[in-house]
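Shown here is one chain on its own, the form predicted alone, set out as structure tokens.
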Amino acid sequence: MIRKETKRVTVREGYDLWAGTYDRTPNPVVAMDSRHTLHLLDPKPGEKILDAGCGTGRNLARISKAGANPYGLDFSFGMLRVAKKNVPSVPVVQADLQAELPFRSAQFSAALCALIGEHIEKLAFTLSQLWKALQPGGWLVFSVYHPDLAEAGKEANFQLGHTEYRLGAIRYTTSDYLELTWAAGFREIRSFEYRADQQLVDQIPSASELLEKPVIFALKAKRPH
């Protein structure tokens, strides 16, 4: 019997390693996020939309298909290389969401930040940067895998060969996300919880252990005029 090794890596190292197989890895959290988050964002033709933490570009393609003009940002070169292959017409930039963003203020009609919140230590700063990047009246959609999962010990992980890589997770609560979003200047904040259902289990059978449990926590919030 071959022994499986578990290895902890930094978030950047992990996503660089994961990039090549990320889109082929059945992932209940990504599947639930893909089902719900873009509906909250509701991209419109002509809107300029920032996908902050765009990964392999799974949302960039859908935003573009809606007639909007997406711009992708990620700190993983590996993920961005895949994104450029998946959506070659969409501009992407390598940047860290925990540093000053490489955009002028008030550039975007809307911003999406999906499934990276648990990796961000300086979340208050990141949210303030997203607020700054939005035009007055612009909307942010922010999603994470549900804090209940993190509390239960779940974290981003993947397998390559006989090694399972673990990326860790910062333990924010739903209240933390709400309070930090408000403190960054956002208003009209609405929160959403999405639970695993039979549709998810039919799509990814291994998700049966999550049935009826909250999988995604999301916020939609506005930069006021």
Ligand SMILES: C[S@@+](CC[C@H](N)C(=O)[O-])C[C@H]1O[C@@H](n2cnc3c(N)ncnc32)[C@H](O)[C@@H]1O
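A residue's number is simply how far along the shown sequence it sits, counting from 1. From a predicted model like this one, the values you see are computed outputs, not experimental measurements.
The same protein also exists as the form predicted in complex with the named molecule; that form is not shown, yet it is the one meant from here on.
Contact with the named molecule in the predicted bound form, defined as any heavy atom within 4.5 Å, is confined among 147 to 155, 103 to 111, 128 to 136, 75 to 83 to 75 to 83. Proximity of Tyr15, Arg58 and Ala95 to the named molecule in the predicted bound form is complete: all three residues have a non-hydrogen atom within 4.5 angstroms. Cys54 is the sole member of Leu41, Cys54, Met32, Ile63 with a non-hydrogen atom lying within 4.5 angstroms of the named molecule in the predicted bound form. Comment: the named molecule is not present in this chain, but in the predicted bound form one of Leu115, Leu123, Val141, Val87 has a heavy atom within 4.5 Å of it, namely Leu115. Tyr22 belongs to the set of residues with a heavy atom inside 4.5 Å of the named molecule in the predicted bound form. Contact annotation: Val11 falls within 4.5 Å of the named molecule in the predicted bound form, judged by heavy atom distances.
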